[in-house]
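In the form predicted alone, a lone chain appears below as structure tokens.
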Amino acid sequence: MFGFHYRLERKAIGLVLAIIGVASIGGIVEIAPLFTIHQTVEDAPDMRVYTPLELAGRNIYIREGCYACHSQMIRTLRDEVERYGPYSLAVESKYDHPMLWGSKRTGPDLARIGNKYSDEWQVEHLNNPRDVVPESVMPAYTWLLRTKLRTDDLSNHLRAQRTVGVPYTDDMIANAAADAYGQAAPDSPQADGVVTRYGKATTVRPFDGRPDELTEMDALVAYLQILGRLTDAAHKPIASAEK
């Protein structure tokens, strides 16, 4: 065995080819399943895209590093399902670019956090976590309530998402800024446009409790409240296999 290895080391081309061959094994293991992706990912006809406000909230979630302490993937283990809810399905991350599954849980998994708590609770928790969870080690994000949400670039964000496969229409892209404002201001003229473009199930309400001003808190709470609710696929009974 060692004699073969010594001979191989004296032949540079053979050694390079051997390295490529061994390294390609891992690549094949990772790439091969992608050829059957349409058979392995569940169908979700009711799947909807993130609204501009929710997408802005997701960007803030990434910017503030929330994914470093919270995962968004419930595994099929019994204790996880009993604690967090139905295990995560691949289709639920269909429009997540990048995906935020994660594995670090300094805080709880957030895959099913949507509507588990009220908007008021989320605002208080983000503003000062210890006001609602005394033992929390999460930092406070007090500036979110004070920071006006930037909306002039939201069309570009939607356009970039469409480039990687998210089915945003030209109408959605053109009205991104107006829809972000309208989703957090239910009495405004823009609110009807949000429902028209994103469906009747879209949540339209003042997430931070102040409909007169659109803040980063509005966006982040809107995002948290939709987690696990873009589709009902995980809550539907699994059909029994027929032979």
Partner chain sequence: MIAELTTNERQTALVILLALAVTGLAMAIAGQGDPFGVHGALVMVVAIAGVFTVISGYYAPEPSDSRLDSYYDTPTKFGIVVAMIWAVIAMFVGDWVAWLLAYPNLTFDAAWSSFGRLRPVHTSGVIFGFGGNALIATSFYVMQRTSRARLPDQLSPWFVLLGYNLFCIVAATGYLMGVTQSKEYAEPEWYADIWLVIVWVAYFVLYLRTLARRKEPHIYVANWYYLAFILVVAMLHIVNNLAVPISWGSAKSYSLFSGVQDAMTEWWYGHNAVAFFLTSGFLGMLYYYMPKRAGRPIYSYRMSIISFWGITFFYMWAGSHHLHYTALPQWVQSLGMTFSVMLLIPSWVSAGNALMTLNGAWNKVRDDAVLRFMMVAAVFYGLTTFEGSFMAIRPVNSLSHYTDWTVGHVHAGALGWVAMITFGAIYASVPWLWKRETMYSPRLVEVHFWLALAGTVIYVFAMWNSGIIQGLMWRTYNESGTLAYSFVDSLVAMHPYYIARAVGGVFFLLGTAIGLYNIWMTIRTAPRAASELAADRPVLAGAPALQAGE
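Numbering follows the first chain given and starts at 1. No experiment lies behind these values; they were computed from the predicted model shown. The term rigid core refers to the maximal set of C-alpha atoms that superpose within 1.5 Å between the two forms.
Form predicted together with its partner chain: not shown, discussed below.
From the list 172 to 180, 186 to 194, 199 to 207, 66 to 74, the contact stretch for its partner chain in the predicted bound form under a 4.5 Å heavy atom rule is 66 to 74. The candidate spot formed by P98, G107 and E135 is fully in contact with its partner chain in the predicted bound form: every one of the three has a heavy atom within 4.5 Å.
Remark: S88 counts among the residues lining its partner chain in the predicted bound form, judged by a heavy atom distance of 4.5 Å or less.
Within this chain, E9 lines the site of its partner chain in the predicted bound form, having a heavy atom no more than 4.5 Å away.
Although the partner is absent here, Y141 lies within 4.5 Å of its partner chain in the predicted bound form, judged by heavy atoms. Interface residue remark: E30 is counted as part of the site for its partner chain in the predicted bound form, having a heavy atom within 4.5 Å.
Contacts of stretch 159 to 183 with its partner chain in the predicted bound form, defined by any heavy atom lying within 4.5 Å, are made by A160, Q161, T163, V164, listed in sequence order.
Once both forms are fitted on their rigid core, the CA atom of I62 lies less than 2 Å apart between this form and the one not shown. Remark: with the core as the superposition reference, the CA shift of I31 between this form and the one not shown reaches 2 Å or more.
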